[in-house]
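A lone chain, given as C-alpha cells: the form predicted alone.
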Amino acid sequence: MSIKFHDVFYTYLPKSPYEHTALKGVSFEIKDGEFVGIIGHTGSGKSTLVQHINALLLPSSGEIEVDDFLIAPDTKPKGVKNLRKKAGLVFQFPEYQLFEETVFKDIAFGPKNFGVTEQEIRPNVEELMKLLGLDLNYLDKSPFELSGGQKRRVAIAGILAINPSILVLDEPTAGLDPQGAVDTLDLFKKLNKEGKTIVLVTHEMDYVLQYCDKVIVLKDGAIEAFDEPINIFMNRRLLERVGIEAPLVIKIMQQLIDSGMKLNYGKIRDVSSLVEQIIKSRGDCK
C-alpha cells in the first residue's frame, strides 16, 4: 500500500486567536514495503502528519491517497474503518490508546471489532505478548497498573493484533530500556521484510540510520528533505538548518574522511559496518 500526500496543509483551531498551521504544502510518496523515518524538532509537524494517514485528522487543504482510499478536507473517506485496519497507528502516548479493563481486552479490542471470535483471538494475543516481551500473567491485569514501557508494548500489540498493511509508529521506543528498544525495532524490521510498510516517527537518529530506507525531514510544518538516511546525515548544512545532530557513528566517520581516509559511507549504518569499512580501507591502502 503506497501513501501519497498532495500539497497538504493542516491548521489547528482555524479562525480563532489560537490558529496554527502545522502542515504547509506537504507532498511526498512512501512506496509499498518501505521503512520510512520522519524526523524534526518538537513542533515540526511529525505527529500531525502521521495522524492524517488513517484519517484521524483531515487536511485543511490538499489530499492524501492511501492505497485506494482518498482522504480529503471536511469528509472522512468511505470505509474509514477498513482504512484504519490497513493503516494501524501507535500513538506517541500509550495512555491515549489504552482504555479497556484488562490487557487481554485491550489487545483483543481491534480483532473483536472486526468480527474475530474470542476463541480465535486468545492464541494470537498470547503470541503477541510473548513477541513483545510481556509476561502472560499480565493478561488479566489493568493496563494502567503497568509501567510506562509495558503500556507501550501493550499498545503496540493492540495494533499488531489487527495485522495492518501499514504500521505507523509515533515514538514507539520512548519509555523502553535500550535492549527493549532494539528488540522492538528488530521486530518492526522483520515485519517490514515480510511486506509491511513502516512509518517511524522518532528523535533517535541512530535508529533512523540503522533501520530506515528513507527519511522525511520536517521543519515548521514543511518538508526540508526526503532522502536516504546516509545522505541526510552527511549533509551538515541541512542538519544545522533543522537543528538535528547526526548519529555518533556518522560524526566519527566524517572525522575519518576529513583526515583523508577513503570510506564507502553508503555502506555505513552502525558501528560494526563502520569498522568493516575502516578495515577495508586500510587493506586497500596496502
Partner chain sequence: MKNITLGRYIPYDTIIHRLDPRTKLLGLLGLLICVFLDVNYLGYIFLAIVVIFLLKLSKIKILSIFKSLKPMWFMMLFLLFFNVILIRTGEVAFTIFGYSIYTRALLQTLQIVVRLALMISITTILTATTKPLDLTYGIEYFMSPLKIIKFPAHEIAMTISIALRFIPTLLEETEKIVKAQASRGVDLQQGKLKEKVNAIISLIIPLFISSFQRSEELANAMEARGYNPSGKRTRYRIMKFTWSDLWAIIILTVVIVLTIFLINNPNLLKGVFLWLE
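What you are looking at is a predicted structure, and each value in this text was computed from that prediction instead of being measured. Numbering follows the first chain given and starts at 1. Basically, rigid core = biggest C-alpha set you can superpose within 1.5 Å across the two forms.
One more form of this protein exists, namely the form predicted in complex with the partner chain; it is left out here, but the text below deals with it.
- Within 4.5 Å of some heavy atom of the partner chain in the predicted complex lies at least one heavy atom of K81.
- Although the partner is absent here, I162 sits close enough that one of its heavy atoms falls within 4.5 Å of the partner chain in the predicted complex.
- For the chain shown alone, D170 is not a contact residue for the partner chain in the predicted complex, no non-hydrogen atom being within 4.5 angstroms.
- Looking at F109, you'd find a heavy atom of it within 4.5 angstroms of the partner chain in the predicted complex.
- The listed set V201, L134, L209, L89 contains one residue whose heavy atoms approach the partner chain in the predicted complex to within 4.5 Å, identified as L89.
- Checked against the partner chain in the predicted complex, the residues I252, I230, L57, L238 give one hit for a heavy atom within 4.5 Å, which is L57.
- Residue heavy atoms within 4.5 Å of the partner chain in the predicted complex occur in exactly one stretch of 179 to 187, 98 to 106, 123 to 131, 67 to 75, and that stretch is 98 to 106.
- Counting a residue when any of its non-hydrogen atoms is within 4.5 Å of the partner chain in the predicted complex, there are no hits in 247 to 262.
- In a rigid-core overlay of the protein, S142 has its C-alpha displaced by at least 2 Å between this form and the one not shown.
- Note on Q179 and E95: their C-alpha atoms are nearer in the predicted complex, a change of at least 3 Å from this conformation.
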